[in-house]
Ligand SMILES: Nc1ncnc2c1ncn2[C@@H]1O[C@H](COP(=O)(O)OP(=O)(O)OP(=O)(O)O)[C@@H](O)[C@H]1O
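This document starts with one chain, in the form predicted alone, laid out as structure tokens.
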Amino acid sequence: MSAETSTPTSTALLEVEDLEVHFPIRSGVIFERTIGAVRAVDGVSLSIGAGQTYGLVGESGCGKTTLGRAVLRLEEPTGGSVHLGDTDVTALRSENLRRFRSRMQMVFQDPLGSLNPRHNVEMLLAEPLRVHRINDRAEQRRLAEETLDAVGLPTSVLERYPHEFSGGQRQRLGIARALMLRPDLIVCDEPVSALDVSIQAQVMNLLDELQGEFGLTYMVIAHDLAVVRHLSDRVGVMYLGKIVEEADSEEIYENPRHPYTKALLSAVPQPDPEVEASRERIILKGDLPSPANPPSGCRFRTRCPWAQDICAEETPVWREVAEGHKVACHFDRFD
């Protein structure tokens, strides 16, 4: 296993090892040539146990969504491997990959944009069944009705179209579509970020209930740390294409060890006014560097308040600082 491999679980469903997604930068009109690459995902390893939820956090542009899409082969990895159970997903081709996709689905960030406006609900939910050659109309309708009931929608909506629903209802439809094939793994890409705050809790509770009912395993991608804390058993913090810290959910929120994680958590408002007034905010300087030209050594050093000379010279080792708590940093604590 690589130096960045997560702490494995005894019943790991998903194993990602040294995954890379590099997008070529090309120059020239007639004689096109590759002059570089955008390292959107650059050597990520993680493990998710069956029935668990892995939360992936980080600011926009860090590679979270690309990682999630690469796990499902919606983006082609340029290196590394993805294993779902005993199957190497990165080795599957054409028809074998199409058949295997019944075991892994995705809930997209924009519920309206991910639903075909010309299809009613029955057509939307039957589509994955038709793709996987479940063509019996009675069986399609039975599964659609069963799944709508599971996500809290009445069967009377089968004839309605996406524009007739609220944002929360559309996201329930997106979840229902992902559930139709009864997958093992669902990647949720910002599942509640497009919803009103009053609806977010309902959708998060629904995801929890469905996980218990169907034995689902989730990868939840989000920038909202409260959402990730509510849903996740284990959390990975991603920065510029790499995971810089990983631990169980409560551990990482109560005892963050990487400067980037501490900065993210310091930006979360506290409900207690006295705590909010007295706590220290860590303000990061500058913008996220380009993934086409990441900094040498530690990628976070250009924005880190505690950076020293070694941070520019050596890449920090991915190491375990407590049981199940791993971090990529040269130093132990920042108190």
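The model shown is predicted, which means the values in this text are computed figures rather than measured ones. All residue numbers are counted from 1 along the displayed sequence.
Note that the form predicted together with the ligand isn't included here; everything after this is about it.
Colleague: At 4.5 Å between heavy atoms, is Cys62 in contact with the ligand in the predicted bound form?
Modeller: Output for Cys62 is yes: heavy atoms within 4.5 Å of the ligand.
Colleague: Looking at the partner-bound form in the predicted bound form, is Thr66 within 4.5 Å of the ligand by any heavy atom?
Modeller: It does: once the ligand is placed as it appears in the predicted bound form, Thr66 has a heavy atom within 4.5 Å of it.
Colleague: Does the ligand come within 4.5 Å of any heavy atom of Ala40 in the predicted bound form?
Modeller: Answer yes; at least one heavy atom of Ala40 falls within 4.5 Å of the ligand in the predicted bound form.
Colleague: Would you classify Pro291 as touching the ligand in the predicted bound form, given a 4.5 Å non-hydrogen atom cut-off?
Modeller: Result yes; Pro291 sits at the interface with the ligand in the predicted bound form.
Colleague: Going through 172 to 202, which residues have a heavy atom within 4.5 Å of the ligand in the predicted bound form? Please give them in sequence order.
Modeller: Stretch hits: a single one, Glu190.
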